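Only one chain is given next, in structure tokens, and it is the form predicted on its own.
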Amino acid sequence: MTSKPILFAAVGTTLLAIAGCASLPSSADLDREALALIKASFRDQGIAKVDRLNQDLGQSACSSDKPPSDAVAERVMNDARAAVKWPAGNQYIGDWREGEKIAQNGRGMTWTDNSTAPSANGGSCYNCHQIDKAEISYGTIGPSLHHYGKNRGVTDPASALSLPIVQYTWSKIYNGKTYNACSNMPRFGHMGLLDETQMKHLMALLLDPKSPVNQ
């Protein structure tokens, strides 16, 4: 038979445990505290502002320790596709020579830069992709772009405008989340990192049969 002192002690311990659990912060509270701590660790410096830490749905959904649900991922992609701005006059193709310069340029948007204008930025494409066979160093986060246009049947820049790959490629450059909710690709057009002319030059680099990508 259990003595009363022991029974009371057991009950007291249980109540303290319940009270302790009830006082634990929720997951949402912890997220808010973590965000506040992160923001307190940064400051505005040059063109780099603390508001870069503010996340939209696409960023927050893919910053979790769990992938977004199918419904959230679909919403992110639908929102991205709906916001794509297409080039004026359906002129998608620029100069691949300029596109190669942009792809090889890794500058822009750091606190040491003086301008937020897209013209001051590069695409840093080689950081994540193989661009052509001449590359001796490149990133592998993204797929190889070698023969990008050639493998997709682009034989002439003018006739390519009728191919679905043209609008697909433009939308991916404009916002990498159009077909992959958690894409690591910079959202060049959506975030104003590159302007329309620069994106046209990158389109030419990828699709023009004469560009080094397609040799």
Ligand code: HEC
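Residue numbers run from 1 along the displayed sequence. Since the model is a prediction, treat every value here as computed from it, not as a measurement.
Only in words, not in the display: the form predicted in complex with ligand HEC, which the text now covers.
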So, P186 and ligand HEC: in the model of the complex, are they within 4.5 Å at any heavy atom pair?
yes
In the model of the complex, does L145 have a heavy atom within 4.5 Å of ligand HEC?
yes
Residue-level contact is defined here as any heavy atom of the residue lying within 4.5 Å of ligand HEC in the model of the complex; does L206 satisfy this criterion?
yes
Heavy atom of C128 within 4.5 Å of ligand HEC in the model of the complex
yes
Spot the stretch among 135-143, 108-116, 82-90, 67-75 with residues whose non-hydrogen atoms come within 4.5 Å of ligand HEC in the model of the complex.
135-143
Determine the residues of 187-202 with a heavy atom within 4.5 Å of ligand HEC in the model of the complex and present them in sequence order; the list may be empty.
F188, L194, L202
